[in-house]
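Below, in structure tokens: the form predicted on its own, a single chain.
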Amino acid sequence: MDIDILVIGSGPAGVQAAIHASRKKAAVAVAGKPSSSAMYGTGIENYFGTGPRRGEDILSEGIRQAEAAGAVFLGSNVISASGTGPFVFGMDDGSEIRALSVIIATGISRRKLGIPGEKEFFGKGVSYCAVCDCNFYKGKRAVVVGNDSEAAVSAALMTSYAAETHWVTWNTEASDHLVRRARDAGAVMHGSKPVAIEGAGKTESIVLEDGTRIITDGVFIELGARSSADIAMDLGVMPQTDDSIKVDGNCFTGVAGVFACGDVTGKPWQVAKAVGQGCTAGMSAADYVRGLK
């Protein structure tokens, strides 16, 4: 698919960006799942012009607005990005998107397993970024935990480094394409939920709900789609130390054609800020694309 702008993220920032970019007559596609937004499933009480409402209801209305303006919602996640404009994006359903500009609106990862040992062994064998830490596990044993596309991609990745790779996925949401890739690469799949990470001073094993104990040197917890930091680096944008992306008043990242908005740009993590930046990013990206034509 060839488009003008790819918006990565379908939360409030991404949807608002799609609305404004589409209304400026840019061809816009939106990647990601609304259910992955931090707004989904939460109550919203402090957003201008609304009383207490469910976040998913506001998102649904916003998506209808964006679609009416011409935006296309893909429902798939970005797993790779390259190029300097046009940019090329690999999707978790095996398709490829080419875009003149990109808006990163992925939000931030706040999801943890919440099991014993996760906090205690963070940095001692527990990691939330396989791409960042894979080199430390050459010839060792690794377990990837998660159900979505990032876990599938990470499981396949770790087979190139670790001597033994296990993928713990109890409610798989990754596409069949990515599941096959991980399995064909040699990842051993387990269909039971993790209940504890154990060790003495460092990670030594992970215990599953069905009683299975997997001996391992590292546990990579990947509970969502590809992180904003990973995507940003693929596009030549260097995240800050807290993985946020620095932008100027036009939501420009400093890399031609790349914009960012919402929680990914740092605090405050509020819907009002996400929507405001989404408006700015959408118009800035549309103006950038118009300047190329």
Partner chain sequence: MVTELNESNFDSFVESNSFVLIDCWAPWCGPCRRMGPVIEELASDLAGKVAVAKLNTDENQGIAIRFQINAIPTLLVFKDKVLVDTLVGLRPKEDIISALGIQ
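Here the rigid core means the biggest group of C-alpha atoms that line up within 1.5 Å when the two forms are laid on top of each other. Computed from a predicted structure; not experimentally measured. Positions refer to the first chain, counted from 1.
There is also a form predicted in complex with its partner chain; it is not shown, and the following applies to it.
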Checklist outcome for this item: For its partner chain in the predicted bound form, the stretch among 129-137, 97-105, 184-192, 69-77 with residues bearing a heavy atom within 4.5 Å is 129-137
Checklist entry - Tell me, which of A26, A229, V247, L59 has a heavy atom within 4.5 angstroms of its partner chain in the predicted bound form? => result A229
Next on the checklist: Taking any heavy atom pair closer than or equal to 4.5 Å as contact, tell me whether M233 reaches its partner chain in the predicted bound form.
Outcome noted: yes
Item to check | Distance check, G146 to its partner chain in the predicted bound form, heavy atom within 4.5 Å | outcome: no
Checklist entry - Could you tell me if N46 has a non-hydrogen atom within 4.5 Å of its partner chain in the predicted bound form? => result no
Next on the checklist: Please tell me whether any heavy atom belonging to Q240 falls inside 4.5 Å of a heavy atom of its partner chain, as the geometry stands in the predicted bound form.
Outcome noted: yes
Item to check | C-alpha of C129 off by 2 Å or more between the shown form and the other one on rigid core | outcome: yes
Next on the checklist: Aligned on the rigid core, do the two forms place the Cα of M158 2 Å or more apart, comparing between the shown form and the other one?
Outcome noted: yes
Next on the checklist: Once the core is aligned, does D217 move its Cα by at least 2 Å between the shown form and the other one?
Outcome noted: yes
